[in-house]
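What follows is a single chain, given as structure tokens, in the form predicted on its own.
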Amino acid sequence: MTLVADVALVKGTLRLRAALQVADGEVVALLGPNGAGKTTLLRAVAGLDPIERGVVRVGEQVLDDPAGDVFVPVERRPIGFVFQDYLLFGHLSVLDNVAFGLRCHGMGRKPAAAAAMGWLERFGLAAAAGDHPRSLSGGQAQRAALARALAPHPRVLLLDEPLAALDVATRRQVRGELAAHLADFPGARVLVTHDPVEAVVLADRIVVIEEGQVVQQGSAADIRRHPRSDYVARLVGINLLRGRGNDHHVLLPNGAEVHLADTAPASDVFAVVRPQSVAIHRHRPEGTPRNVWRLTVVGVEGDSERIRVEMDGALSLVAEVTPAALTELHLAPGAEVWASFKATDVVVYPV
């Protein structure tokens, strides 16, 4: 692995204890709710937030090891960092911004300027070389920040929500450009994002962080198929229930039972139900559904094609319905409804 980070630190109310490994040529997306520790982990790898325990290593070079009294300063680490707000130096020209990292690594003024111009040409920014950052568009500022990070030829590239400062239309365009630039970088790449679409489009592997700890990692398909937390379940748009397997049932903590078509292991398990499998009725349904619940609608959102209806009661469920069904069933927050799903629609796997 090019990057190995196993770090522990306390920052305000956050207690970060997370491990991360990224190989050359791999793009890893850090995904998680606000305050989970994603940016703090990136800053720890970069040396901006020194760790209290653990180690940060790039290849064979140890960058941070409190037990061994090793700490390599930020400017000497083989790491490029693209900040969320880009943090271009407002008093410097675009050319001097890109040359800054090269100068920090000991390159002379003229060679640094020549190398920086080469990067600006590569990123389509040569015409803006003499401009100041305030005159750049959001997409241009993002490219300038990326050029500055890449100019010293780092072995690791860290990107903290690099598209968050862009409007929706610009973000779609720049996402494609960013994917191409990341593909050209041969080292390890770590991307922090809140957007699951960005994670799927840009990353080879997703690492989910919650409350300072890694709770799940794998490909987008793996995470979608087997979510391991409520946050991940909401992210991929499915219902996740946790309980104790008991023959053809999952016993939930509140005593409710979910009926299964197959036998569940006698252990703690997750039970997954797709929202498309949940039916909503205004009266108790007749027929074959094994799982029927009296619930209250707590939220309705969606578009002209599909509506997500959030319900709460003996268990919390989300169902997907058509706009026609929304109108026909008079679904609105506070409505009392019956929700059902078949035993064959429940997928169970160990915690």
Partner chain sequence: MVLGLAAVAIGFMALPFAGLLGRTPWGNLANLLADPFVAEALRLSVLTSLAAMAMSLLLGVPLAWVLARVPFPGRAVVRGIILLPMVLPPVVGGAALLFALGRRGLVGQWLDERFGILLPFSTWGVIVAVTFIAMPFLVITVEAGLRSADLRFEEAAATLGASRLTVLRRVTLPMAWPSIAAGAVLSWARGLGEFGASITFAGNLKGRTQTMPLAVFQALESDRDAAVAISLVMVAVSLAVLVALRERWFRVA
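Not measured: the values here are computed from a predicted model. Positions refer to the first chain, counted from 1.
If you look for the form predicted together with its partner chain, you will not find it shown, but the lines that follow are about it.
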*Can you say which of 273-281, 92-100, 189-197, 219-227 gets within 4.5 Å of its partner chain in the model of the complex, counting heavy atoms only?*
92-100
_Within 4.5 Å, heavy atoms only, which of Ala116, Leu159, Val208, Ile79 is in contact with its partner chain in the model of the complex?_
Ile79
*its partner chain isn't shown here, but in the model of the complex which of Asp85, Asp167, Asp184, Asp262 has a heavy atom within 4.5 Å of it?*
Asp85
*At the 4.5 Å heavy atom threshold, is Arg143 in contact with its partner chain in the model of the complex?*
no
*Give a yes or no for Arg234: in the model of the complex, does one of its heavy atoms lie within 4.5 Å of a heavy atom belonging to its partner chain?*
no
*With a 4.5 Å heavy atom cut-off, would you call Arg43 a contact of its partner chain in the model of the complex?*
yes
*asked:* At 4.5 Å between heavy atoms, is Leu48 in contact with its partner chain in the model of the complex?
replied: yes
*Can you tell me which residues in 324-351 come within 4.5 angstroms of its partner chain in the model of the complex, by heavy atoms?*
none
